[in-house]
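So this first bit is one chain, no partners, the form predicted alone, shown in structure tokens.
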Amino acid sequence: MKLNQLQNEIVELRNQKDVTILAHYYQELEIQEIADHLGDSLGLSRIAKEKAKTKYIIFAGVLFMAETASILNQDKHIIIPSLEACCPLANFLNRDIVNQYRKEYPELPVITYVNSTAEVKAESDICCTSSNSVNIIKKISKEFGVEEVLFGPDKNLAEYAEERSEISVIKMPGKGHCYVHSHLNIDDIQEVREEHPSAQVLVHPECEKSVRDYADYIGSTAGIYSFVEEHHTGQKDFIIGTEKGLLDRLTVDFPKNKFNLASDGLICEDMKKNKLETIKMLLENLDNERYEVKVPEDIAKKAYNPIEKMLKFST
């Protein structure tokens, strides 16, 4: 891996500072290359809690991810390179909506996708990610002694988890979705597959049901990566049904394989708002409070338990 001048300057600064750089797989490849750790939501949550021993964490992702890191690390400075890097999916659900559902279904546990705001996590019984949602639903429903759960904000992940867990799921609010993954449709995939008939189709559970039903494999971002890692010697071609950043990573890590994006629309504009230039600026001024994400202590205390429970249930 040969870095450009700006990347080398960042790496040199990073090595001199008490800082850890975390980057999601959906970041631009040039940011992935200078990170200390790469991962999906669950993986980065674990790293923020267990491996990031530095005073400062630069989190190249979107706002809810930096909030999660702040909840787990109240004694550290969590910095995000773009304050505009939000997650439209997370904005479908707020504290008031969660409490409305709680009043209507007081006996049911509230499960919230980690792609949610800190205040929503604080109102939850447990959080989940796309990789552990099925397992979380099974365990929490057993703990509460119920055959139904409340789940938000992603309706497609809720449907997927319901299918796999055989536990009834009430969606909060019922229309939440990721604009990137819900954009993908069967026509897109079939058009790509006509050009690559032997390719396996790998999609994210945030995709619509028709897309999931068509796929050869459904998994989280890290799950898709692991699937390729396990099968790349026997399978040459893959069609990737998640954000382009993962395809870029796979192309570098498995150069003998062919990776095809299932649709040109699989780009998260919010994830791409983080820039190398800003990361360098932050490394030169780590106490820049403008870019720091600090979840208030009262919310962080409430939100810590559902996240910690998720991590415990994921072992």
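Because the structure is a prediction, the values reported are computed rather than measured. For every residue, the number given is its place in the sequence shown, counted from 1.
Same protein, other form: the form predicted together with a small molecule, not shown, and the subject of what follows.
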Sort through N73, S165, N156, S220 and report the residue having a heavy atom within 4.5 Å of the small molecule in the predicted complex.
S220
Does Y26 reach the small molecule in the predicted complex, with heavy atoms at most 4.5 Å apart?
yes
With a 4.5 Å heavy atom cut-off, would you call A69 a contact of the small molecule in the predicted complex?
no
Is S41 part of the interface with the small molecule in the predicted complex - any heavy atom within 4.5 Å?
yes
Check whether H181 has any heavy atom within 4.5 Å of a heavy atom of the small molecule in the predicted complex, and answer yes or no.
yes
Please identify, from 199 to 207, 229 to 237, 136 to 144, 167 to 175, the stretch that has a heavy atom within 4.5 Å of the small molecule in the predicted complex.
199 to 207
